[in-house]
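Take a look at this single chain in C-alpha cells; it is the form predicted on its own.
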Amino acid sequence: MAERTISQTETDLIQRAHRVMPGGSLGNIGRDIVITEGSAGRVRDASGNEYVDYLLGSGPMLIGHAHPEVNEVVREQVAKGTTFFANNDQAILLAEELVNAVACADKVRFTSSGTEATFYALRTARAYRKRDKILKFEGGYHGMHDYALMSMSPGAPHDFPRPTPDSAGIPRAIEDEVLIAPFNDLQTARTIIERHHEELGAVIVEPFQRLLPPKPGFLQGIREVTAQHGIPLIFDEVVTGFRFAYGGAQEFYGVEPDMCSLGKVIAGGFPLAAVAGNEELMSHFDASSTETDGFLPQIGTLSGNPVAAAAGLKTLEILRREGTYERIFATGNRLKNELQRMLDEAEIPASVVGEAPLFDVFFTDQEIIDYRSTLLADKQMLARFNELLLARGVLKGDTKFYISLAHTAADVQQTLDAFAAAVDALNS
C-alpha cells in the first residue's frame, strides 16, 4: 500500500472540527484523522486511505464494520420505529440472552453507555450495603463519572489507598469515598479491604485491566475476601464481555462476581450498555421488591433502545456460531507472537502484553504487571510505532489492538508487513 496521503477535503474537515469542537476532536483519540466508512476489518478516511482497523470503534465492532446481517435487522427495526421509552421486544430478548450467557446475571437493567453502567452498579452496591466507600484499582478504567476518574491514570500516584483525581471539576468530597489498591498485588489489596471492610459498599475491578491480565489467583483472592465480608464485587466487563469468551472474562478466568457492567459488543456498534447482577442486588431497581429507602430510580430516554438491541441480538447470534472464538484467538495470537518475535530479533526492549483478542506493546525491559509498571514504558516510542503503522495502512488507538472476527488473512499479512517495516524504522 502507498503511504498515507491527506487530501484537501480531509484537511478542510479537520479545520472545521477545530473551529467547533474542543481540541478539534470527539475527545477520544488524539490524532487528526477523519473516518468516513468501514467494512469488515477495514476503514477508510476522508482522503480515501484504507486501513486495517484495530481500533474497531474502541472495541464494539468485534464482528466487523457494517456486517450485512446486522445491517439487515437494523433496517427492519428502523422501519418499525427507533425508540419508544417503553418496554420493547428487542430489549426484552436481548436481556434474556444476557442473563443466559453471563454467570452473575439474574437480571439486567439497560443504560446508554458504559459510564452509566458502572455508575449504577456502584450505586446499587452502596444501596445494598448501606455504606458509601468504594475500592477500585489504580489504572482501572470505569468510564467518565467522578468515582471512575479517581486514579485512572495518575501522573504522580499517591501512596495506597489514597486516590488521585484525574479531572478538574470533581468534588473534593469524592476523594474521601474512594480507596485505591494496586492491580495484581493480592496481599496489598486484601490488606486494604480487610482494614476498611466495615466502610466499603463495593469493590470494582476490570478483570483484565486495560491491557493487563490478572496474575493466577488474583481475581480468586479478591473474590474470596469480598465474599468473606459480604462486600459486593463488581466486574467491569464493558470491554471484556463477549470478547474473551461468550460468557465474558468471568467465564474466561473462572471467577464469578456479584454484578457486572456490559457494553460495546452487546450493542453491535450502537449506544447501549447494561448493569447485570444477582437477584438480591438487582431488586433495588424494583420499587415493589425493596424498601423505600433502598429503591434506585433509573430513567434513561434511550435505555434499551430497540435499534441497538436488535443489532446486539444479531451480533451475539453470530458470536455463538461454531469456530468464532477459535478464529479470533488464532488471529490475535499470530499477531502477538510475530510482533514479539520481530522486536526480540531487532533487540528492541519491549513486551507484547494482553490476551489474543486485545493487546499492545510496551517499550520497556521491565515486567508489566500493574499501572505503575506501565509508567516505565517509553510512550514516545509507542507513539512513533503507531504513526509508522498508520502510514502503512494499519490503524489502532493510542493503546490497544482490538482483534475482529472480520480480520482476514490479507489483513493479517498487511499488518505483519507493517510491523516489520515499523520495527526496522525504530531500529534505524
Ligand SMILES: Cc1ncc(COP(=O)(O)O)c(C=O)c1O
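All values reported here derive from a predicted model rather than from experimental measurement. The first residue of the shown sequence is 1; numbering continues from there.
What follows is about the form predicted in complex with the ligand, which we do not show.
E206 is the sole member of E206, D185, E355, D258 with a non-hydrogen atom within 4.5 Å of the ligand in the predicted bound form. For the candidate set G139, G201, G143, G332, a heavy atom within 4.5 Å of the ligand in the predicted bound form is found for exactly one residue, namely G143. Taking non-hydrogen atoms only, S113 approaches the ligand to within 4.5 angstroms in the predicted bound form. In the predicted bound form, the ligand sits within 4.5 Å of a heavy atom belonging to R210.
At the 4.5 Å threshold, heavy atoms of V238 reach the ligand in the predicted bound form. Partner contacts here mean any heavy atom within 4.5 Å of the ligand in the predicted bound form, and among 176-184, 113-121, 249-257, 293-301 they occur only in 113-121.
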